[in-house]
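Given as structure tokens, the chain that follows is alone and in the form predicted alone.
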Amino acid sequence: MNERVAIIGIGSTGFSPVSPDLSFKELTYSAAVKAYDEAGLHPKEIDSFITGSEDFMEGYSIFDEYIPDQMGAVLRPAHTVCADFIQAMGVGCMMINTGEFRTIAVEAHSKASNVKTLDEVKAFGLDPVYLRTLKENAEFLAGLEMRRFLEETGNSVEQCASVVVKNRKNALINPEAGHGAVLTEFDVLSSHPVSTPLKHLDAAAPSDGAIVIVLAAEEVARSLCDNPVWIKGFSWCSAEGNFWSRDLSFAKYASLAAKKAYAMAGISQPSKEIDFAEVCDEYSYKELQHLEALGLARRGESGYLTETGATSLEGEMPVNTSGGSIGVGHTFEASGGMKVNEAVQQLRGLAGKRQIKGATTGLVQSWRGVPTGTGSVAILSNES
């Protein structure tokens, strides 16, 4: 990037398994008010608005028509990025770098509790010829990938269970997490099978919530904010579109996106230069797979690092201090936003009992879920 871009305001609502008292518009409005107040800006002072959303998940076509009211964006430039929050944030950074925009608001939300046929919606994303006709679902494919990953790398189901135990425990000290719990590896391994070796507790349960951030060009950020969080690098990548044509043991999309983000941020040794990471753990094995693809663990060693506490709050490389999707809840297109929220709190020293001492640089990573090979990476820092 030619021009530095920072997060100067952030607001969130949630995250909880259900939110019967709030519509998706009310969730978003609450988060937007917090973000604008922190940024010290009125919506009329924001140049453009972005929503990261998927029409099919929302149940509406051209979903950005349903965004302006609660964002304060009526009769203002607004558009949808049909992707995860981190990709929408990256688009906002690129818009600022055109020089035509100085401030951008980015929004994503989840109202999964409103979706009565969530499994069927996810299954509709499968290939209509080679996958959907088998009458299987996303979890079936996740089980196949988990088996291949474990067999190829030597990581174990017990180490995947350790991911669940860690993340659920972290969620207990995160007031925004909806699925905190004290579990043991035995609890995870003895939960009912979903798609062997994937167990029920290996998968993140859905949550509702919303996240809004305000991005600003450097001169605006410095004039308005005492503690901006700088976006040092970002990228996203889509690997092979056909599930059967991929190497199921390796998250190629995460590796490619990370290399570009590291280069942009000037990072050459990620395991030494990154203080903490918020990575996609929609399934327990995905945290391990992503750590290896991101270069934060050697191939086959992510499970050992988790099992021995290296990725715990007190470890050398804390991972998913928020509780991750397993502890906070799977928020679909807002998943990356939930992780950005945690990174901002860590970098501002506001994470409470989860605070990582001396944290200056964090990595956030998202994946769009089965059956996609699409993922995003962003490097955030409190150092300009």
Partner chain sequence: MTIIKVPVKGLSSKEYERSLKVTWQPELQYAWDNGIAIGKYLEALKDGKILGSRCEKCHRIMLPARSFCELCWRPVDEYLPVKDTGIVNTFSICHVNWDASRLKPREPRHLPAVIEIEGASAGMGIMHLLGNVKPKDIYIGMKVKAKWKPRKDREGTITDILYFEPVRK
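None of these values were measured; they are calculated from a predicted model. Positions refer to the first chain, counted from 1.
Below, we turn to the form predicted in complex with the partner chain, even though it does not appear here.
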*Note which of 156, 114, 80, 97 lies within 4.5 Å of the partner chain in the predicted bound form, where distance is taken over heavy atoms; exactly one does.*
114
*Is residue 69 one of the residues lying within 4.5 Å of the partner chain in the predicted bound form, judged by heavy atom distances?*
yes
*Please run the contact check for residue 44 against the partner chain in the predicted bound form: heavy atoms, 4.5 angstroms, yes or no?*
yes
_So, residue 192 and the partner chain: in the predicted bound form, are they within 4.5 Å at any heavy atom pair?_
no
*Considering only heavy atoms, tell me if residue 40 and the partner chain come within 4.5 Å of each other in the predicted bound form.*
no
*Okay, which stretch from 157-165, 116-124, 177-185, 228-236 lines the partner chain in the predicted bound form, with non-hydrogen atoms inside 4.5 Å?*
116-124
*Within 4.5 Å of the partner chain in the predicted bound form, which residues of 126-152 have a heavy atom? Give them in sequence order, or say none.*
128, 129, 132, 135
